[in-house]
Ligand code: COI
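Take a look at this single chain in structure tokens; it is the form predicted alone.
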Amino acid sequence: MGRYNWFTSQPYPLESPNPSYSDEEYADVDWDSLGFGLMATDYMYITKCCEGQHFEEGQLSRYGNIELSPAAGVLNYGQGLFEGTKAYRKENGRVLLFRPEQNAIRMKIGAERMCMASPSIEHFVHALKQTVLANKRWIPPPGKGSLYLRPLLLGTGPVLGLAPAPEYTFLIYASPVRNYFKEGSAPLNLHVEENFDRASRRGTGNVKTISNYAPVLMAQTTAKKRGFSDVLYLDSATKKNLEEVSSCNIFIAKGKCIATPATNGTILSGITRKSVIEIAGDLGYQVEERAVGVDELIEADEVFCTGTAVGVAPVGSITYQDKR
């Protein structure tokens, strides 16, 4: 992978787990039947801090429910962020993370936008590593999937009037997963949505706030009932340009040119997206981050989606205004 040393032991090696953790090599899981669903693992990482302070070193506790005030900022005003990343098991037994510092940076940017305290990049990565090691037996065998890690940043302090929460919680839990879409590695079947927007200009579409995701459920549920894999959204201003799919970025390829919508404030800057752009450039492709018209789909040689959960997923068909 050229100069992009993302899957090697540097700079994020995972050392041997603490002896107090389970010494089983693998949990009792049918790895061949693994999908993308929640499976409770052993431990989660948790730490708290008050507004205006810094997060201290957290602790690992058994996976389970957390207690929240009914007036918590995250429950009343949606003051929350999440990230997603994965740990992989290599053939030689090593466990590796994929560009975790990029998730840490993105959470920090999102926290600034949402007026939240956030962990440092070093703290974020260290906490991920601890969570992975504590749940090592849940990492699938090589080629059977990965351990999905879900860092959460929540406004857990009580607040009645609209204001930043007085306390924040940083939490990481994990679940073994395989393919995000039910199609597995088969090409996706997307529907272009025109009645609902995913994000609007000068909103929060470019940060991974929890409030970005529930609004897509209506269009997504309707599309899935009609047999589609997911929904492809257009820009809210003109309804002429591609934005992204409900949970992933989109690319079109034509010859040696690859284009993807520019992250202009309404699109999430995906880490897999960033990686594909860098690799494509190294392989001699012309990569364009720009406005991509919906009418360009018909001329594309290839279309694919990228994201932490989906990986790199080929698109087999797109339906737009009842034309497939």
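When you see a residue number, it is the position in the sequence shown, counting from 1. What you are looking at is a predicted structure, and each value in this text was computed from that prediction instead of being measured.
Beyond the structure shown, there is the form predicted in complex with the named molecule, which is absent from this document and is the topic of what follows.
Counting ligand atoms within 2.4 Å of backbone or C-beta atoms, the overlay of the named molecule from its pose in the model of the complex onto the shown chain yields zero, and the pocket is open. In summary, among the residues F228, Y88, Y180, Y173, the only one with a non-hydrogen atom within 4.5 Å of the named molecule in the model of the complex is Y180. Taking a 4.5 Å heavy atom cutoff to the named molecule in the model of the complex, the contact residue among T204, Q102, S247, S146 is S247. Using a 4.5 angstroms heavy atom cutoff to the named molecule in the model of the complex, all of F82, R150 and A309 count as contacting. Using a 4.5 angstroms threshold between heavy atoms, Y213 counts as touching the named molecule in the model of the complex. In the model of the complex, none of the heavy atoms of K136 sits within 4.5 Å of a heavy atom of the named molecule.
Interface residue remark: H191 is not counted as part of the site for the named molecule in the model of the complex, having no heavy atom within 4.5 Å. Although the partner is absent here, K208 is a contact residue: one of its heavy atoms lies within 4.5 angstroms of the named molecule in the model of the complex.
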